[in-house]
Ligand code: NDP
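In the form predicted on its own, a lone chain appears below as structure tokens.
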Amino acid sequence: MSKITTKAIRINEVGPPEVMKYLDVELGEPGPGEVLIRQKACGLNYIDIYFRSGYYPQPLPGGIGMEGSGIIEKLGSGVEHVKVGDRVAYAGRPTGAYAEARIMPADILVKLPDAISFETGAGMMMQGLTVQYLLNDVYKVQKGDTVLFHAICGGVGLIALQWLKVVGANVIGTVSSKEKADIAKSYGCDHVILYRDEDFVARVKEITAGKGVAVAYDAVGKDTFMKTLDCISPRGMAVTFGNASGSVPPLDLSLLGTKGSLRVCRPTIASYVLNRSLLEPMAVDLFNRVTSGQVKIEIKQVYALADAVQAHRDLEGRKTTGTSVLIP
């Protein structure tokens, strides 16, 4: 069996960014249902911090990263939907995207249109597919809906903001700084709340004349979720899809009744990308919106793969906006 040596980020233990090591790794041949992909770019996402810190468990030693793009170099047996030479992109498990090359399951790969660069493809899959299912499947946002979206200047937030404005929604976004508020406004956010300086519940009530929002999207978690419930109109929905500030505390379901028969959903991307009957139309929708210009994926930060430690420091320190990628 032939082997190739590639550079990759590996972790032997969980902890701060410094547990990530830039190493030589040997790869064998792709097995049944697998491919060898030569990666051109890797996505940087907050979920990577969860795996690195141990908040989300995984076998160790192991890789890190859940998103990338590149070119297929070898196929294992039984792989039919992609071929050698195809440009592809992906988001989802198994971890290990922070690498020059990797062997991985073929069933989460989708063909990347020629009109979309590798950098854009790597930076948009996790965040873009997340937005696709949040706004179309978890809750079908309609024209005229008023939506609350926390961390609107994050990678998911800026994609969601553009998508929501195309739909015709009225968007209330929260941000942590004046600089981020200016960015959100430049993307068309209707109302921006500086959550460190303002009571976002009171501001949402003021903006909506006491009615609340149809749906609220919250990836911040512990620090915001219970207050977020007070921003939702009767029979509306709260969607918690991240834990940037820690886990949402246990929820007494009777509380949802007292607050107006609210609905709560906790979706994960794995439930979508591991089902090709869902993944393929979702990817087509995302690619069409990007290639048509409805949604612009702006790469705000670019790091060398070897600088993954600094990339994580910046991401955790809330020094990044929008989309970030690592280049092998």
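The model shown is predicted, which means the values in this text are computed figures rather than measured ones. Note that residue numbering follows the sequence shown and begins at 1.
Below, we turn to the form predicted together with this ligand, even though it does not appear here.
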In the predicted complex, does each residue in the set 46, 176 and 241 place a non-hydrogen atom within 4.5 angstroms of this ligand?
yes
is_contact(residue 269, this ligand) in the predicted complex, heavy atom dist at most 4.5 Å
yes
Is the gap between residue 318 and this ligand in the predicted complex 4.5 Å or less for some heavy atom pair?
yes
Just to confirm, residue 87 within 4.5 Å of this ligand in the predicted complex by heavy atoms?
no
How about residue 220: is it within 4.5 Å of this ligand in the predicted complex, going by heavy atoms?
yes
The one option of 200, 187, 163, 133 with any heavy atom within 4.5 Å of this ligand in the predicted complex is 133
Using a 4.5 Å heavy atom cut-off, which residue among 225, 195, 118, 139 comes into contact with this ligand in the predicted complex?
195
Partner-proximal stretch of 31-39, 46-54, 286-294, 257-265 relative to this ligand in the predicted complex, 4.5 angstroms, heavy atom:
46-54
Going by this ligand in the predicted complex, which residues of 120-157 come within 4.5 Å of it through any heavy atom?
126, 127, 130, 133, 151, 154, 155, 156
